[in-house]
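This document starts with one chain, in the form predicted on its own, laid out as structure tokens.
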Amino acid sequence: MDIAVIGAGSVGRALGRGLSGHGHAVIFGVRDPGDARHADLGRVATTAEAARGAALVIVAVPAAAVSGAIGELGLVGGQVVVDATNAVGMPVPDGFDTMGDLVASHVPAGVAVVKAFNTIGAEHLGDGRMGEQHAFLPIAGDADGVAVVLPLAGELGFEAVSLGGREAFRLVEDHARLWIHLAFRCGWGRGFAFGAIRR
């Protein structure tokens, strides 16, 4: 699959490298493709160039930069956008209830929006296994987008579960808040994931 990762921070890098390792054609979209800090990424382009023609566009930029970044992408119907962002230590910009809703407000009709890959530390995103176990990864969004993202998450090693449509964005973001709270407020650190235990 042709995948554009918008942003070259820890989340974007981990996802891009993980997906590349499973044979997907990944290109990173950044503000300045000539910046030496991006030399190790492989294929790099401007955000608009990266998104052009990509079947899947993963948005992995800081919350405050989301609106501007999406406005530069030139998205068209048929593409799938994955929101991998969190509003950490700040309210969701522009008064939206969730980051997923913010992202959805900026995409044109016909573009599927999925909330995913925001509920665990970036260092675990390239490989969703924790030892012999598969980390639980909740996702939510438009059904045609979820149908694309679920198997990709499975390839990365996650036990991915759809929580529903756009109305479930908040559930995914609440899951992220719980992980962040345990990692930093409760002293668990970053080396853990949630798992599903079934009888």
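Source: prediction; values computed, not measured. The first residue of the shown sequence is 1; numbering continues from there.
Although it is not shown, the form predicted in complex with a small molecule is what the next lines describe.
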item: Non-hydrogen atom within 4.5 Å of the small molecule in the predicted complex for each of G18, I139 and R166; value: no
item: Contacting member of M130, V148, A63, L171, with respect to the small molecule in the predicted complex [4.5 Å, heavy atom]; value: A63
item: One stretch from 63 to 71, 49 to 57, 155 to 163, 130 to 138 that, in the predicted complex, holds residues within 4.5 Å of the small molecule by heavy atom; value: 63 to 71
item: Exercise: R190 in contact with the small molecule in the predicted complex, heavy atom 4.5 Å; value: yes
item: A8: touches the small molecule in the predicted complex, heavy atom cutoff 4.5 angstroms; value: yes
item: Residue contact check: R31 to the small molecule in the predicted complex, 4.5 Å heavy atom; value: yes
item: is_contact(N86, the small molecule) in the predicted complex, heavy atom dist at most 4.5 Å; value: yes
